[in-house]
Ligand SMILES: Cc1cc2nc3c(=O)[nH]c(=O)nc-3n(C[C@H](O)[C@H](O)[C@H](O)COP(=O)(O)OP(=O)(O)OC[C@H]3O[C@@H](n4cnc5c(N)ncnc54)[C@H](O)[C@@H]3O)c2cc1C
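Next comes just one chain, in structure tokens: the form predicted alone.
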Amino acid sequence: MSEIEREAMEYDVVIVGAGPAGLSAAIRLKQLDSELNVVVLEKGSEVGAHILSGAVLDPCGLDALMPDWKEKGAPLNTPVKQDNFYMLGEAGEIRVPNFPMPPLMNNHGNYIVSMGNVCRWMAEQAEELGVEIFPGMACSELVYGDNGEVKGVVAGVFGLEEDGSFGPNTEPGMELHGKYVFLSEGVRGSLAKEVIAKYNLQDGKEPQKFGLGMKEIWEVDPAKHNEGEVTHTMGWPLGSNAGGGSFIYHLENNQVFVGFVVHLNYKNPHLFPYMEFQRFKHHPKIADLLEGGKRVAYGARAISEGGYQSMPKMVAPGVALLGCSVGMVNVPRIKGNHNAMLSGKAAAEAAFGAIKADRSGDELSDYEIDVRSGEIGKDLKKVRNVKPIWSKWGLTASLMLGGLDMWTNTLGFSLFGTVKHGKNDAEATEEASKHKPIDYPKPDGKLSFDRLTNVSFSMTNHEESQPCHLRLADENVPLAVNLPKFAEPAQRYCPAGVYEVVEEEGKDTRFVMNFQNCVHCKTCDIKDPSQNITWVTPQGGDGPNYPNM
């Protein structure tokens, strides 16, 4: 759309995404030089709107960024006081003792938090330092300079016609230019995906791997609530069908965060991750906790799981990838927010040094070196083999060999070197004829819920007249290829019920995309076996509006 005339605003650094990485970068830049012009663009209706509450936060990132975070009132109010690990069977469980766990698995000193509230608080700190933060401003395009560098983004396009064209009521948005652009969009961000492809940043690296994380917030019976308790489970109901597990965090005010992760490299296209989550809650141990309680929110998001060997090159001319745009989650710990904050700090310091040296639009190589050789690299290198061992040899091997590898890495060496991932998650999907369909029990409306009912608890909303933000490269593929070959798994892998195959008597079979339901998890962009679906950013303010918990 280069023919569209837009106003342009100039900044020193333009940051896309007001998550922990982007906000940390903004804060650090202003700490280093209060005169720098820094802007943060957030597609959610407000900071935190697209972050479903509930995480265990390692405060090392905050310690490095703002050592006085306690005095400043950071909302880290629930220290972890109890760690539980269970292996589930269909009717019972086995407690895994804590003592054989590698030290890095210990949650002592960590906090159960609402990351939405943490980011809202961080945004306040950033604004006090002079950072400009614009919520409801989706970034739909990159702007390139004369030498092929990224020099900015297009933000704030509203009112496009259904076919994507400009109409009489279209607001064309504006260009925001920076000496450097930071992309902190989270997992599988559309701009980061473009940058990785354009500059071949994944070359020489293992493919990125992903999981689908689904989460509900419950208010439970006070008699069953244990503030500060953290529980992780593995095993049932997934068994050998897929890798994954659950987390249950007891926060304040009788609230419990119930989450379930399914690794997206599963083979059976009949697998229904959302229904595995709903079935999980009927396990006697989980059902006892939730019975008599009330679900108050639901959401889903893809999780980067490739780790150290899958991180792409993080810099290209004029641009740097931060946090989950790179993939900095420590998989066995299910933690990435601390590394996201550290990456934002490192990128800010690299950009500050470059700007002071009168540079712009080049590669911030110091940032890449800092991440790979510093605390982030050390954190991820220790656990780099857990996910590929699990994927190749299963849960039992992961517990034994992965645990051994984490122990030896703690001592500074690995018996396995660096294990490769191999296929990406789309390629891992096998033909439906090789697998049996899975019969899932119907949700009971008390502990388990149908997708559309749960989506209503994400408060997701999209302007229906805008273009569909889920793009098919070939509209024939879902019915001509994916349906006969893979039983069209989009019907099942989407945790929001966006995709349907509609068969009506006397009518042709139709593939329907209910994009209004989308909770921006990006699973379709990742798992579609034909790689036919591309998720692009809808207009600003659309999508989930997760509650302030």
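Note that residue numbering begins at 1 and tracks the sequence as displayed. Not measured: the values here are computed from a predicted model.
Keep in mind that the form predicted in complex with this ligand is not shown, yet the notes after this line are about it.
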Looking in the model of the complex, is this ligand within 4.5 angstroms of a heavy atom from every one of Ala21, Val56 and Tyr249?
-> yes
Looking at 63-71, 506-514, 480-488, 34-42, which one sits within 4.5 Å of this ligand in the model of the complex if you count heavy atoms only?
-> 34-42
Is there a heavy atom of Arg279 no more than 4.5 Å from a heavy atom of this ligand in the model of the complex?
-> no
Report whether the minimum heavy atom distance between Ala432 and this ligand in the model of the complex is within 4.5 Å.
-> no
Using 4.5 Å between non-hydrogen atoms, is Gly336 touching this ligand in the model of the complex?
-> yes
Spell out, yes or no, whether the shortest heavy atom distance between Met311 and this ligand in the model of the complex is within 4.5 Å.
-> no
Residue (of Ala351, Val181, Val315, Ala138) lying close to this ligand in the model of the complex, criterion heavy atoms within 4.5 Å = Ala138
Among Val371, Leu238, Val329, Met122, which has at least one heavy atom within 4.5 Å of this ligand in the model of the complex?
-> Val329
Scan 270-306 and note down the residues that get a heavy atom within 4.5 Å of this ligand in the model of the complex; none is a fine answer too.
-> Arg301, Ala302, Ile303
